[in-house]
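Provided below as structure tokens are two forms of one protein chain, presented individually as structure 1 and structure 2.
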Structure 1
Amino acid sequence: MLDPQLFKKDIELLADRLRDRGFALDVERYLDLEQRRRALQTETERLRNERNTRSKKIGEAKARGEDIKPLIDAVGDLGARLTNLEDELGIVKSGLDEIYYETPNLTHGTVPVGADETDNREIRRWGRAPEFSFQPRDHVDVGEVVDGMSFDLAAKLSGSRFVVIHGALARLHRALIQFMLDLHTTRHGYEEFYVPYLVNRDSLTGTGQLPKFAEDQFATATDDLFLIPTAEVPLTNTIRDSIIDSADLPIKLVAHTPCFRREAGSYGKDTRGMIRQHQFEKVELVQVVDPRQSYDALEELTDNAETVLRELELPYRVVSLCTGDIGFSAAKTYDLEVWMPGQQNYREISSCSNFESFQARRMNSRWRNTVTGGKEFVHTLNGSGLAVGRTLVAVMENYQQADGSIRVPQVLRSYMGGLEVISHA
């Protein structure tokens, strides 16, 4: 949520800035609602004041033992008028809330302006694409050769966009998780968290998935709970409705969780393999910081995620998402894209964002500024460190050998009982 003052002070300027990211702010509707809100609120508060004053007088008169009947009669239909006004005000306010909660964040000045992903800016590249003396397979074929991955079996159990992994490949998948968690907790200063995978409406609203993106969430039928689309939701919401001591900043959290996404509207996209699944594992990094440090924190967090790829010796590039491609809640986002030999292309494997105070305002998460003494909104950040399923895919494709076997990356061997090559799951 943006600062409502931005709407009040100069709505046209705001609308103009939001246009960069392809969002059409309904200025007319806002102005109409805000004008009515003002009038209704003033009148409602005036009537409440009158009711409060009269009621207090009745109480005083009763205490003195006077006849209060005439005073009660004099109140008349004040209560009914007030109820009507309050109802009307409530409707206008929920209209305004809709605007506030469904308006995306403003982007940072360094974010490239553009319409779609073709306007994203490449920041840097690391590593060199491996050269093969044979035609490299994609991960589906590699998985078939080592017999460790089944989409048919998953379809029988659940449907499309699921996978069953077994044997040594399943262990490799688990090794990636352990490796990532150990790296971030021992070298990057994050505290490991175990969190619920089902969260309530308030949590999803806090981080920005609701109300606008309800169709992307898996919801339970009888309880108002949702499967988390990312550990960002439970991790970031740990600071909801709280005031943080400045000495406790920055807060750096990491968790491994499954992530559940309906992938509504991506029916024709990435249907082959395990690139886009309804369920996947992710190790997520979250930082809560002093607003003055949030852009330094974004660089640090991005580097934390990159370190995973460098340690795994997977070639990648860093891309700054443009205004037309950046997510709803983010002020600035770096995507990490890993080289996929099977597709001869870079594919997103991590997304690192600074949300500035957008989530903090929704969550009412503040810190006590020791200099000014005031309570101010914190800045929140998060990033995948990394998406485990896609990392498995990247390892399978980059480490494949002519016979279809997979070399185990050096840093993972201790997690694999010393295994160096997976030739059959």
Structure 2
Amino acid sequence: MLDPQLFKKDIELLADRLRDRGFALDVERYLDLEQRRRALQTETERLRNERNTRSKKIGEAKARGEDIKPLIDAVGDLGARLTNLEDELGIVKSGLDEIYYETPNLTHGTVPVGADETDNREIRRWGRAPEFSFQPRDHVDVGEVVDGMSFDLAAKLSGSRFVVIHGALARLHRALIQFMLDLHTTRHGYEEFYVPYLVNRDSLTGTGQLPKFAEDQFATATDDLFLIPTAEVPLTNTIRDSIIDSADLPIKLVAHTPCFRREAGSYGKDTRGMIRQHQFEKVELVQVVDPRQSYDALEELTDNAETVLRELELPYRVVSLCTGDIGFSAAKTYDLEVWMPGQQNYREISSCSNFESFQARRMNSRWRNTVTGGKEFVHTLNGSGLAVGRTLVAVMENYQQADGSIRVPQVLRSYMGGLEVISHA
């Protein structure tokens, strides 16, 4: 959530900045609600003061033995008027909160201005795309050759956008998870967490998925709980309603979880294979930092995610998302895109974002500034380190051989009991 003072200070300037990211702030509605809020607040406070004054006079009159019924009747009428005003004020404040919670973050000055993904800016590339002496298959065909992946069986069990993986391919999927967790905990300094896969409404509101993206969440109606769309939600919310000592920053957390998304609005996109699923696995990185270090932290977190790809020797590129493509809560985002030979294209495998104080303000998460002595909002960051399913897809496509078998990346062989090649049993 943006600082409400930004709305009050210069609403037209704020609207102009938000326009760069394709968001039309309803200035007229905000100004109308804010004008009504001020008027109602003033009148409410006036009536409260008047009620307090009259109540005091009732006490004094009672002490003198006077008839206080007329005074009590007057206060009763005042109380009813005050209740009506407070109810109206509550409705107006709810309208303002709706605007605050549905307004996206402001982007950092280094974010390229653009309308959509075609305006994203490539920052760097690593590795070279493999050359094959044969026409490379996509992961669906490779999975069919090694008999380790079934979308038909998943459809029988659950429906579309699910997969069943089994045998050596399932072990490779698990090996990727273990490798990523070991890398981030032993070399990058993250603390591993196991977190709930169901979270409450406050948690999703804190990280920005609610209320704006309710349609993309899987919900349990009876308990008002939601399946997590990413481990970012429970990990980041561990600091909700907290005041953190500066000595405890930065906080670096990692967790492996399944993720659940309805993929609302993605009808017809990536319907083949594992690229866009309702259920998938991720190893998620979260950092909570001193605001003065948050952009250095973004570079570090991005490099942590890149290290996974370098260790796996998967070619990739890093792009800075433009204002029209960046996520709702982010101030700046780098996407890591891995080369997929079967698709002859780079595909996103991680998004690494700095949210600045946007999430912290929604969560009421602060730190003690030892210099100023004040309590300020922390900055939060997160990134996939990495999306496991898409990493499996990248390994299958980049390490495929002419007969459809898959070479196991060197760094994963110890997790695979020394297995070097996955082929049909």
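Think of the rigid core as the biggest set of C-alphas that the two forms share within 1.5 Å after superposition. All residue numbers here refer to structure 1's sequence, counted from 1. Small disclaimer: the values here were computed from a predicted structure and weren't measured.
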*Identity of the form predicted on its own, given as 1 or 2*: 2
*Quick one: core overlaid, is Asn364 moving 2 Å or more at the Cα between the two structures?*
no
